[in-house]
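So this first bit is one chain, no partners, the form predicted alone, shown in structure tokens.
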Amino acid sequence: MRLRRALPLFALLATSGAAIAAGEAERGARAFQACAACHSLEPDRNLTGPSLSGLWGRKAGSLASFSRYSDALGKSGIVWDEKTLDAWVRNPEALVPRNLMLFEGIRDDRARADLIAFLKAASRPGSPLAGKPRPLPNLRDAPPGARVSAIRHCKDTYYVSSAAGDTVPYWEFNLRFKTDSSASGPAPKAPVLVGQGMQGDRAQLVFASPGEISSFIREECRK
């Protein structure tokens, strides 16, 4: 997440009646960049983890729009504030054993304090500190070379044909099948091929819903 350059304005913003020092907010914003891959500050925009908008005073595991909480977190009875967040960010597994957040924690006291100070302000819905949400790629606008028209499977190979007329073979272990039902996901019955680095031999096939996957693939070996 990129924050606006008007960082001096942090000193003018108040949270729960107390102003946040500019230095704390700036350092906390930088620390949050490591969190932004899994958490957004936009209301109900969930990524790998739940949205942090409205976090302060919220019971752990209670955001209605997020369904991937661990049972352990949902039953913890924790309410998020400075004290509970400090313990969580320090060592999530120690606070809530068997939770699902794969994060080793931040041991540095100052770094945690800065991050929590930032979150206290930025998690307020409408806070200017939240910045602009990180845009997800709009798969409905994918070019013809990425739009999938047919998928054929033979032995250990998927042959993926695009709307541009190309067909690329993938070893079946190197092709991942995913779904994205959001507004930026592919249109129904119009899966999209997304590259996955390496040497171009791996890719992801993104469908609008799980039911499309098996119906789109045909078993056929050609001589």
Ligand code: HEC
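Not measured: the values here are computed from a predicted model. For clarity, a rigid core is taken as the largest C-alpha set superposing within 1.5 Å between two forms. In this text, residue numbers run from 1 along the sequence as written.
This next part talks about the form predicted together with heme C (HEC), which is not shown.
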Of 38, 168, 154, 163, the only residue with a heavy atom within 4.5 Å of heme C (HEC) in the predicted complex is 38
Just give me the single entry in 89, 142, 95, 148 that has a non-hydrogen atom within 4.5 angstroms of heme C (HEC) in the predicted complex.
89
Does residue 70 make contact with heme C (HEC) in the predicted complex, using a 4.5 Å heavy atom cut-off?
yes
Just to confirm, residue 123 within 4.5 Å of heme C (HEC) in the predicted complex by heavy atoms?
no
Close approach of residue 187 to heme C (HEC) in the predicted complex, 4.5 Å, heavy atom:
no
4.5 angstroms heavy atom contact with heme C (HEC) in the predicted complex for residue 27
no
Select, from the options 187 to 195, 154 to 162, 168 to 176, 42 to 50, the stretch whose residues sit within 4.5 angstroms of heme C (HEC) in the predicted complex by heavy atom distance.
42 to 50
Residues from 84 to 117 in contact with heme C (HEC) (non-hydrogen atom within 4.5 Å) in the predicted complex
85, 88, 89, 99, 100, 101, 102, 103, 106, 115
Aligned on the rigid core, do the two forms place the Cα of residue 30 2 Å or more apart, comparing between the shown form and the other one?
no
Relative to the superposed rigid core, does residue 176 relocate between the shown form and the other one - that is, does its Cα move 2 Å or more?
yes
